[in-house]
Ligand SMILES: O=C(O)CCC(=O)C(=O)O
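There is one chain below, alone, in structure tokens, taken in the form predicted alone.
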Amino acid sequence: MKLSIRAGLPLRQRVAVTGRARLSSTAVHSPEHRMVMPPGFNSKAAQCTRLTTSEPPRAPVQHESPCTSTMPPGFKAQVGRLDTFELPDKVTGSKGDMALGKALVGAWRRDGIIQIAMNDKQRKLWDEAKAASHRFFRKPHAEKAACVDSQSYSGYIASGEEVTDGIADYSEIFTITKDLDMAEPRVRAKWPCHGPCPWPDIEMKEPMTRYNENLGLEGEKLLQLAEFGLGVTPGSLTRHTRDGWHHARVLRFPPRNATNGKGKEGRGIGSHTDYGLLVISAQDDVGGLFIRRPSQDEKFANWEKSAAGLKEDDEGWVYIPPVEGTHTVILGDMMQYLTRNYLTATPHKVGLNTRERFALAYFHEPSFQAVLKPLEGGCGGLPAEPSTAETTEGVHYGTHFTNMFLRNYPDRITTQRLKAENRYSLLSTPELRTMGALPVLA
């Protein structure tokens, strides 16, 4: 019995756009499943693109399709079939942009995740970044382990070093945060998490920098479109990303039969939500990503209490198979907070497969100094929820980010130095909570 391919509303009722901003349904449907496309839309042939909503989670049938055959062994999950969107070259506020924004927000509310078609330039940049990732992780351990900075959380993270909900993860990571040299005023003032990125060589730095800069442009487009979809004033989201604390995690997952024994069998990264606005990811052809769809029955607020380990072993997970030439985009904690839970952060986890897997996750974030408060108006017309200390005083993104890294890397040299030099106390100072402010150095 095949999984249902059923859209919540007929596609022609959800969105109507001009030819410049197109939503492409990338599923290969039989005639009875083919959806009517509105004028200006472009349907492309691919597989595994609509997130099914009509059947409960169940064990995958490995022989049904290439989608299920890539699922890591030992997992039971529904297979996601996602909308794939094609972004315009520039967001201008046209009718097409507004319709596309509504479609994006609708897909996030329904599925918790969307796919964005890469353009030709992005495909090239991803191929170059992926090749650089392979080269880095093939280096001897001593060379990789030397790529650590004691001031920022940039650099190498060995398999078993990251901790999610008290359990070691098997992911091997190179983290890229804002690359600030030692003379930079914020570094000299010992602001938490600020410092250089310890690149191993120029062959890693250049392709990763080019790719992440391009993803930054995509992140801004998505926020601009989301503002239209939410019905809020333009700039309501993007004003927080001036000098955004954008960063990335270059990831390698070992085969499930070739781990170092420090973590939990079959688990690459435990269940969690991410901390900022958007997470734009690319993965190779080896599957491993699982998400949970938005649910009124599952409440969490990761800025108040950690959501790590949320429902990790429960039913209800959706497997997101790799689709070549696409980015996936999920939402983070700050998008949930800003929209008063109209949009929610997407819980996700990674399972280990029978082959090693490579991926890159880019985080499009507010400024480290931003103090965020829920948006006024829009957001589906939902009434404001009762005020809490967080909604009254706002959430300081720099503190939220620092807390996440302290919890994930309790033994890292960066954590030890941050505590020893009492850098955490600086997070409460006015200059660290005023966007654009720089420290006054003696």
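The numbering used is simple: start at 1 and walk along the sequence shown. Note that the coordinates shown come from a computational prediction; the quantities given were computed from them, not determined experimentally.
A second form of this protein, the form predicted in complex with this ligand, is not displayed here; the remarks below concern that form.
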{"item": "Stretch in contact, per heavy atom within 4.5 angstroms of this ligand in the predicted bound form, of 307 to 315, 187 to 195, 88 to 96, 354 to 362", "value": "354 to 362"}
{"item": "Contact residue in the predicted bound form, chosen from Val350, Val105, Ile113, Met335 - any heavy atom within 4.5 Å of this ligand", "value": "Val350"}
{"item": "Listed residue that, although this ligand is not shown, lies within 4.5 Å of it in the predicted bound form (heavy atoms), from Arg249, Arg109, Arg256, Lys178", "value": "Arg249"}
{"item": "Heavy atom of each of Glu218, Ala226 and Leu237 within 4.5 Å of this ligand in the predicted bound form", "value": "no"}
{"item": "Asp83, heavy atom within 4.5 angstroms of this ligand in the predicted bound form", "value": "no"}
{"item": "Contact test in the predicted bound form: Glu172 vs this ligand, heavy atoms, 4.5 Å", "value": "no"}
{"item": "Interface membership of Val323, this ligand in the predicted bound form, 4.5 Å heavy atom rule", "value": "no"}
{"item": "Interface membership of Leu289, this ligand in the predicted bound form, 4.5 Å heavy atom rule", "value": "yes"}
{"item": "Within 261 to 287, the residues that have a heavy atom no more than 4.5 Å from this ligand in the predicted bound form", "value": "Ile269, His272, Asp274"}
